[in-house]
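A single chain, nothing else alongside it, follows as structure tokens in the form predicted alone.
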């Protein structure tokens, strides 16, 4: 699973479209608008006419919380006040926690008068999906976390048969509203492949309607192909933005675009462009194991990237991915001549053709011989799977032909042994 955050705007739109399938009483106003620095407000209000006539809420929609505590939450405002709020805050740099970033996106929606705020979220672990509920929703939920009820729901269970009421606090006359709503929310969470869903807070209006006020959500982006009628529509896919203050690099954008064009999985996150340990790992699970091992062995500060290639990518796509990694690792040679290390690793593949993918990697190595030597790059290979013998022989051969130091290991070597070899090389023990 690849968990990715989505904008609040998109989360609310998705809930508005899906919740009524399971909770017909859910009648969300669906009045949402985005204002950015280049937004023509006159054009906006010609489409979203409610902005001019209703009381409004304005807040950042850029993947950070505690907006109220940061004085970035405008409530019960008229149109002119909203415009001034936008002028005062858009394109300004703010420090949220320890992260500095530019505020460039505001969410506008109607102000909903309410007296009480509630909290609900859904998370997952290996054995359960977990419903979290509290009567104490709002900006101080963390301070009131001891008042949150945590209700595990065994994986695969039909929530409609689950006795949720007996595990909740006394809901009084709200039970006929809250129980159906939370069960419906749970069904949407499962059906749409959410990885995390939080509504904090939501309100219950005087006419007993539930209104989500703030929503945070993550989706499993590898499930997009299952949801082409909702958020995975290839013609209008949902956006997975970078975190506040983070800007993607050209290389990350290139791999992201490549990933979207293939049924395989190609991921890249640059951690340290001057790092001396880089990975090109087959498989999401293996990428986590290699990264953890690099950190555990005290080389975390030297880790250049995090990523993976899997799902049997083509030779061409693998070559582009490998060339991107090689270009990054050779971009800034160590002025003191210290070696750099590239781990071409992975477990034992079930169906990814090692020969095919290694053909692409070997091609990228041949295209970069001078750069690899100048940057003093040493390559460690460990892989298993279909056609591994031919693939590993290709790696050994390209090392001998080019003079690039390449050590090759097959399935009978422990997967992370190559990280230990790097550690020993750094300690001068090899």
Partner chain sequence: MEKFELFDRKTQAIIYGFQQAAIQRMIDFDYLCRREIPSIAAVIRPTQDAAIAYHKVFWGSKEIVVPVYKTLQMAIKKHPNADVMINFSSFRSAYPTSKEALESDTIRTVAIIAEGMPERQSRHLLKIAEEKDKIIIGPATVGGIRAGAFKIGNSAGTTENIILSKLYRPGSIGFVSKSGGLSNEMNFMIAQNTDGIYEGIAIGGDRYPGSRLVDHLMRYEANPKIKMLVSLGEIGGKDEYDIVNALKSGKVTKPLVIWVAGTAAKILPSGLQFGHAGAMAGSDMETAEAKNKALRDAGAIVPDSYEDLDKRIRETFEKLKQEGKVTPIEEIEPPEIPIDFGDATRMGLVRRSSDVIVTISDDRGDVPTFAGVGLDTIIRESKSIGYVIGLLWFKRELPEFAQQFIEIVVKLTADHGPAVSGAHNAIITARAGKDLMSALASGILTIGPRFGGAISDAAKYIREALQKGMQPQEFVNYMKDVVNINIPGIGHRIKSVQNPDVRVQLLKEFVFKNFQKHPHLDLALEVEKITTSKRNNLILNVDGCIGITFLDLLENLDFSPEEIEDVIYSEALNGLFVLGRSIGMMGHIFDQKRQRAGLYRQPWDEILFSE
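It should be emphasised that the depicted structure is a prediction, and the values quoted were computed from it without experimental measurement. Positions refer to the first chain, counted from 1.
Below: the form predicted in complex with its partner chain, not depicted.
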Can you pick the one in 174, 75, 165, 155 that has a heavy atom within 4.5 Å of its partner chain in the predicted bound form?
155
Of these, 117, 198, 251, 220, which has a heavy atom no more than 4.5 Å from its partner chain in the predicted bound form?
220
Under a 4.5 Å heavy atom criterion, is residue 179 part of the interface with its partner chain in the predicted bound form?
no
Give a yes/no on whether residue 411 approaches its partner chain to within 4.5 Å in the predicted bound form, heavy atoms considered.
yes
Please check if residue 420 has a heavy atom lying within 4.5 Å of any heavy atom of its partner chain in the predicted bound form.
yes
Evaluate residue 126 for contact with its partner chain in the predicted bound form, applying a 4.5 angstroms cut-off between non-hydrogen atoms, and reply yes or no.
yes
In contact with its partner chain in the predicted bound form (heavy atoms, 4.5 Å), from 207 to 215, 105 to 113, 287 to 295, 319 to 327, is stretch 287 to 295
Candidate spot 189, 300 and 348, all three in 4.5 Å heavy atom range of its partner chain in the predicted bound form?
yes
Would you give me the residues of 306 to 345 that have any heavy atom within 4.5 Å of its partner chain in the predicted bound form, in order from first to last?
306, 308
